[in-house]
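Heads up, the chain below is alone and in the form predicted on its own; it's given as structure tokens.
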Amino acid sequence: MLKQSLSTAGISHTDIILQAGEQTKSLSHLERVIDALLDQKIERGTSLIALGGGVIGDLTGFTAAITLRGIDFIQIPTTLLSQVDSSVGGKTGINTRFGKNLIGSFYQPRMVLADITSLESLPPREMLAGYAEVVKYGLINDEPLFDWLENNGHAICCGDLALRQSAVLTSCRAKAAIVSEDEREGGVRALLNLGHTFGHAIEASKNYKGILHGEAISVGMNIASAISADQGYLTHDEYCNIEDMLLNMQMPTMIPKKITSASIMKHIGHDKKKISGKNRFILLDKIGNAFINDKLDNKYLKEISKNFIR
């Protein structure tokens, strides 16, 4: 349909089809895409369109940022996760063996076009992976959203278009407000990484196989909430409320089998939020209020991670 629309509008185009999955966010696939573009003799006026989920959006955006020193690109996200999170904010990048998104740039798309009807073909697992990022917005700065999700989460994931639209709009507005205040993550934007330190470490530990990004973030948010309670910021009841909400949606809360605490800590060591060698974690002092904490040492984090390994 996209190609037909472009042809009808008289816009010449070609396509590059990439395999789904985090392993596509690699140097080898980046090189392949750039070579294909240069082979087409593209110019500075060429635009790239990222049609797909977060992996395609991240790779396309980074390609646009560095090819011919920067060409325009457009995001057309087709998964819930990419519609509510990765397509908004201008973070682009690829993964390395050291960790996720360690090579990239801040590069804003010219436009983001999110059509919620494209979500109708997603399998339930993909919907839940995106839903994790919606939960994140409720946890970091919108307690009423968290309460709303407790009542409407199943309907959102099962196909209620009006509720899906509300979830996407609310999430995009929340992220846009934070990014407009702090585009390059010098401060408040770091709050959007709730659950991502452990989540990214889990993904890297599995070599980006067998787990979706949103699933890893669900586990990471549960661990961050548990740490928040253990450190005396959240009450035990608040932590149980968060964990129960994830479990009721059948979202993962534990680190997958065969991942060791040593592997988790190795990848946490490459976390992008570190400053002067200190870990910076996003914690909660209540549902709907996140903050940055740099007081957690590696010994404590390793012991905590052991509690969440099956």
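Everything quoted here is computed from the prediction, not taken from an experiment. A residue's number is simply how far along the shown sequence it sits, counting from 1.
If you look for the form predicted together with a small molecule, you will not find it shown, but the lines that follow are about it.
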**Study point:** Any non-hydrogen atom of residue 141 within 4.5 angstroms of the small molecule in the model of the complex
**Key:** no
Check your understanding: Wondering, does residue 151 line up within 4.5 Å of the small molecule in the model of the complex on heavy atoms?
Key -> no
Review point. Does at least one non-hydrogen atom of residue 232 fall within 4.5 angstroms of the small molecule in the model of the complex?
Key: no
Practice item. Give a yes or no for residue 108: in the model of the complex, does one of its heavy atoms lie within 4.5 Å of a heavy atom belonging to the small molecule? Key: no
Review point. Honest question, do 240, 243 and 248 all end up within 4.5 Å of the small molecule in the model of the complex by heavy atom distance?
Key: no
**Study point:** Partner-proximal stretch of 72-80, 222-230, 143-151, 158-166 relative to the small molecule in the model of the complex, 4.5 angstroms, heavy atom
**Key:** 72-80
Check your understanding: With the small molecule left out of view, which of 264, 284, 55, 255 would have a heavy atom within 4.5 Å of it in the model of the complex?
Key -> 55
Point to revise | in the model of the complex, the one of 122, 190, 178, 112 near the small molecule [non-hydrogen atom within 4.5 angstroms] | key: 122
